[in-house]
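Have a look below at one chain only, the form predicted alone, in structure tokens format.
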């Protein structure tokens, strides 16, 4: 693993973020009275988003009886709209004559580009260092529609367009179109399996915030590409994949994705696939201990460019290793302890262990790999912290670091 050194610029950026996050309040709040009848709903602060867009996402209306869970569900849906400054979101109840309530929803629109200083310093510069850049145009027409454009350069160039449209009752529609040229080499490094593909990927997803502890939806993807597997001649491939998604969180957090993939050209066989994540957060005073299990399985005859990839600081982490383990099955476990140094500063320690299984003739050297590391996380006004991680491989790999915003902190 190539060793990277922190630049003075990045250290300065972390210092600026620490200062900002200690100086600005971070929590949206509300006050509610369980069981009281709602007599009036008032929406304030929005100067571009239509009130009807917000009203369609409210889990209550005039005449309903207020329930405590409405507060968190309303905030979750307004955040999912991705139209408002996170610091502006408020849901407050006020008494009316006769024992009824007035519900006041405050949500200030972000401007079209929304180049928040924290987002610019951390996300934009991190992306530029990784040879890509994206920009979202937030709600340009006032209808709850956000547009995203982006592109990458270097060894694996790509160009993409995306959108996120708010519907009603907690439903959101997302879509993307991307052209890319992708070359990958996987472990083992002595004679790695590889592929090269060129073509498009499109996707449409529906997601519903039904309750505070439940999200569900479905995804359809279509990917017509020309692919050369392990040095063989290129073939046409056009997989249509579809299936449901579920996220449930109460005593523990569960994410489940089921897919069935069908090659419309008939050159490759269809196959099913499943991904699962199980996360348990255990509070220890002001501290936290997290246990996360990751698992995935698909048919072993799925083509190499469609199989799972794990490792690195990715969605299935083995920190201190490159994201280059591929296979039709994987199993991974991560442990992380978060020690609170102050109200919004955390010291982190963690360890990962996992492996992938593959029937490819060149992947017989796969074994269990593990790594461990330390980190520092600082809460930000965006609602999630910026964290700096330094990890080292216990069974190989090397020294690796990362700085970024952790959405699931």
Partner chain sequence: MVIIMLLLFLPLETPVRQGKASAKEEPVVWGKDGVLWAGKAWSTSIGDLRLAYFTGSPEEIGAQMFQLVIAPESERMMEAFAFIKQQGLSGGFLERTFKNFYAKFKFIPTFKRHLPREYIRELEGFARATGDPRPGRLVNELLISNAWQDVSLVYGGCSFFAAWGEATGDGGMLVGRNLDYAGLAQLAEVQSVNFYEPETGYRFVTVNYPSMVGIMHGMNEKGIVIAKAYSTVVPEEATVDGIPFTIMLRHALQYGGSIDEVINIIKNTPRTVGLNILVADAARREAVVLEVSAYRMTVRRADRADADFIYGANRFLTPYLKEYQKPGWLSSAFRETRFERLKQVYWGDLTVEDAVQILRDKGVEDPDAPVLLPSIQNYATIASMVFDPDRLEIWVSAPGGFLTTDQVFTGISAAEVWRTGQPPTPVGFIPATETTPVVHVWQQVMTAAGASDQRKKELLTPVVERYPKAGYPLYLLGMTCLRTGELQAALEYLEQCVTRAELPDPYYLLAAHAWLGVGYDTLGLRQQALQHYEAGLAVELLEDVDPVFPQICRVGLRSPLLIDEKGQIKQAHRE
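Numbering follows the first chain given and starts at 1. Take the two forms, find the largest set of C-alpha atoms that superpose within 1.5 Å, and that set is the rigid core. Model, not experiment: these values are computed from the prediction.
We do not show the form predicted in complex with its partner chain, though everything after this point is about it.
Practice task
Sort through 156-164, 286-294, 104-112, 309-317 and report the only stretch with a non-hydrogen atom within 4.5 Å of its partner chain in the predicted complex.
Solution key: Within 4.5 Å of the partner lies stretch 104-112.
Exercise for the section: May I ask you to check whether residue 339 falls inside a 4.5 Å heavy atom distance of its partner chain in the predicted complex? Expected result: No, residue 339 is distant from the partner.
Exercise for the section: Consider residue 92 of the chain shown here, and say whether it contacts its partner chain in the predicted complex, taking contact as heavy atoms within 4.5 Å. Expected result: Residue 92 belongs to the contact set for its partner chain.
Practice task
Although its partner chain is absent from this view, report whether residue 45 comes within 4.5 Å of it in the predicted complex, heavy atoms only.
Solution key: It does: once its partner chain is placed as it appears in the predicted complex, residue 45 has a heavy atom within 4.5 Å of it.
Problem - 4.5 angstroms heavy atom contact with its partner chain in the predicted complex for residue 331 - result: Contact with its partner chain, no.
Practice task
Identify which of 125, 240, 87, 80 has a heavy atom within 4.5 Å of its partner chain in the predicted complex; exactly one of them does.
Solution key: Exactly one residue meets the criterion: 87.
Handout entry: Heavy atom within 4.5 Å of its partner chain in the predicted complex - the one residue of 117, 99, 266, 244 that qualifies
Key = Of 117, 99, 266, 244, the residue with a heavy atom within 4.5 Å of its partner chain in the predicted complex is 117.
Handout entry: residue 372 C-alpha shift between this form and the one not shown of 2 Å or more, rigid core reference
Key = Superposed on the core, residue 372 moves its C-alpha less than 2 Å between this form and the one not shown.
Problem - Core-superposed C-alpha of residue 382 shifting 2 Å or more between this form and the one not shown - result: After core superposition, the C-alpha of residue 382 moves 2 Å or more between this form and the one not shown.
Exercise for the section: Return yes or no for residue 344: a CA shift of at least 2 Å between this form and the one not shown, with the rigid core superposed? Expected result: Yes, shifts by 2 Å or more.
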